[in-house]
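For reference, the chain that follows is the form predicted alone, supplied as structure tokens.
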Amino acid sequence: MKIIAIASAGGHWTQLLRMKSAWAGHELLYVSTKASFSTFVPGERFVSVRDSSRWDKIGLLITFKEIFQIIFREKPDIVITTGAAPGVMAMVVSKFLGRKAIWIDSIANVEQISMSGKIASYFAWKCYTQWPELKNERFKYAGNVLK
């Protein structure tokens, strides 16, 4: 199975890496917003994309184009993300290109699903929360990255 694992820098990336044993043995491409993060996944394929947020509209368009090109070129079976903005874009692109995509909301969202998660849930194949109290008809709970 071919997997793209994508997350922005910071806690999103850390959480994504905490799950990497789940996709061991599969063909993998990591995508993040800092080129230096390739050092966290030695021996794995890695691509960096521009870091952007909702306050950087031009940056969002550039990042969206980069993510579209990656997913179109790679044709993954599954796209997995822990967020944030690049993850949402990956969910949108995956839906458009007919790829399965999984959104895992950040463990930092203790009281409610993130805004990114709410948006992503309209495009993702499956969505997960890391808190049992937040599961609902759109977000399942299957544990968290701390266990």
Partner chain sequence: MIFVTTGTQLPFDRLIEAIDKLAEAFSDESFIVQISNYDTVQVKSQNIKLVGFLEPEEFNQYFDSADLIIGHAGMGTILKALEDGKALVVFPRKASLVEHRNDHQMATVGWLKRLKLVNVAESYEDLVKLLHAFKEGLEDQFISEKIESVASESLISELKSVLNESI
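Note that the structure is a prediction, hence the values are computed from the model and not measured. Numbering follows the first chain given and starts at 1.
There is another form of the same protein, the form predicted in complex with the partner chain; it is not shown, and what comes next is about it.
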Do Thr63 and the partner chain share at least one heavy atom pair within 4.5 Å in the predicted bound form? no
My question is simply whether Val49 lines the interface with the partner chain in the predicted bound form - judged by any non-hydrogen atom within 4.5 Å. no
Is Ile104 near the partner chain? Define near as a heavy atom within 4.5 Å, in the predicted bound form. yes
Although the partner chain is absent from this view, report whether Ser53 comes within 4.5 Å of it in the predicted bound form, heavy atoms only. yes
Is it the case in the predicted bound form that Gly11, Gln15 and Ile78 each bring at least one heavy atom within 4.5 Å of the partner chain? yes
Going through 86 to 114, which residues have a heavy atom within 4.5 Å of the partner chain in the predicted bound form? Please give them in sequence order. Lys100, Ile102, Ile104, Ser106, Ile107, Ala108, Asn109, Val110, Glu111
